[in-house]
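The form predicted alone is given below as one chain in structure tokens.
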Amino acid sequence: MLLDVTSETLLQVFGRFHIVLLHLPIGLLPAMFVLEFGAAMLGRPIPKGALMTLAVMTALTAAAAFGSGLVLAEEKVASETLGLHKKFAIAMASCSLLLPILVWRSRRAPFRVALAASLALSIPTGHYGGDLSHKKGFLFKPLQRKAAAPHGAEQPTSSHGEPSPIPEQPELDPKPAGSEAPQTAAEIARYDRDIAPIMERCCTSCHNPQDLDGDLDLSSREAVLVGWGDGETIVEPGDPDASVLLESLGRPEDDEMRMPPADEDEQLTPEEIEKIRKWILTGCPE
């Protein structure tokens, strides 16, 4: 089977190695920072040999991470977040490439400036990378959640001081009682009134026109009905049990196809899932 692999396939694999390669310069930069500034603070000789080795490794791995990132970006939908990630990655890689050139100079200021800049640029680069690979605001989400919590309210923690796991949602009966077609207009679930707020709270931070996680947009009724496109839908109007969207909401926590993933803060309640079921059952009205 490996003989059938094309150069394009190998290039895609290289692009996906970005998630491995990016950690190398991020780990090497602090090591150089400690050696350079630690020696200066302690009044010891600068270990230029070790610094040169680390500088060369940082430059090579930063170049490899940047190259693989450009390849991986071809699989992503163009967005403001992706553009910012690229710009900061270019700046970080450029500073990293200067390190092997500057490390041997007797004047330490240029090397130290390039080193500090590379390390500082790794923060916004990683921040926007986290937004792309996880969800918008991933890096600072705990701080935002803390700021938004009512005064004095604390997230439940375990006896070890760690956040308590998300309570397991009860498994839903594939055809729960009361899922028959509603009889009155008030009982009919409407997208704008009932479904859109659920999607906005739990789904659209990842599945939107900019991020398009999983090649899926859930930011509007029309997008939900389109699904993956090319005839691959996630809802079958009038038939909730044949709808992939509803199936994914009721999967066990350890199932990688569960949506939202069990480690996400925002989870649908059984009532919300039932509301989506009724919306699909009545033909997905606006």
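Here the structure is a predicted model, which is why all the values come from computation and not from measurement. Under this definition, the rigid core comprises the largest set of C-alpha atoms superposing within 1.5 Å between the forms. Start at 1 with the first residue shown and count on from there.
Although it is not shown, the form predicted together with a small molecule is what the next lines describe.
A.B. asks: Give a yes or no on whether each residue among 234, 244 and 249 has a heavy atom within 4.5 Å of the small molecule in the predicted bound form.
C.D. replies: Checking in the predicted bound form: 234, 244 and 249 are all within 4.5 Å of the small molecule.
A.B. asks: Considering non-hydrogen atoms and a 4.5 Å limit, which listed residue (117, 71, 206, 98) is close to the small molecule in the predicted bound form?
C.D. replies: Answer to the contact question: 206.
A.B. asks: Between 257, 31, 40, 225, only one gets a heavy atom within 4.5 angstroms of the small molecule in the predicted bound form; which residue is that?
C.D. replies: The residue from 257, 31, 40, 225 that makes the contact is 257.
A.B. asks: Counting only non-hydrogen atoms and a 4.5 angstroms cut-off, does residue 218 reach the small molecule in the predicted bound form?
C.D. replies: Although the small molecule is absent here, residue 218 would touch it in the predicted bound form, with heavy atoms inside 4.5 Å.
A.B. asks: Can you check whether residue 24 is within 4.5 Å of the small molecule in the predicted bound form, heavy atom basis?
C.D. replies: Residue 24 lies outside the contact set for the small molecule.
A.B. asks: Is there any non-hydrogen atom of residue 103 lying within 4.5 Å of the small molecule in the predicted bound form?
C.D. replies: So residue 103 does not count as contacting the small molecule.
A.B. asks: Check residue 264 for me: does it contact the small molecule in the predicted bound form (non-hydrogen atoms, 4.5 angstroms)?
C.D. replies: Yes, residue 264 is a contact residue.
A.B. asks: Okay, which stretch from 121-129, 198-206, 78-86, 105-113 lines the small molecule in the predicted bound form, with non-hydrogen atoms inside 4.5 Å?
C.D. replies: Heavy atoms within 4.5 Å of the small molecule in the predicted bound form occur in 198-206.
A.B. asks: Taking the rigid core as the frame, does residue 12 move its C-alpha by 2 Å or more between the shown form and the other one?
C.D. replies: Superposed on the core, residue 12 moves its C-alpha less than 2 Å between the shown form and the other one.
A.B. asks: Taking the rigid core as the reference frame, tell me whether residue 202 has a CA displacement of 2 angstroms or more between the shown form and the other one.
C.D. replies: Passes the 2 Å threshold, so yes.
A.B. asks: Can we say the CA of residue 40 moves by at least 2 Å between the shown form and the other one when the core is superposed?
C.D. replies: It does not reach a 2 Å shift.
A.B. asks: Do residue 263 and residue 13 have their C-alpha atoms closer or farther apart in the predicted bound form than here, with the shift being 3 angstroms or more?
C.D. replies: Result: closer.
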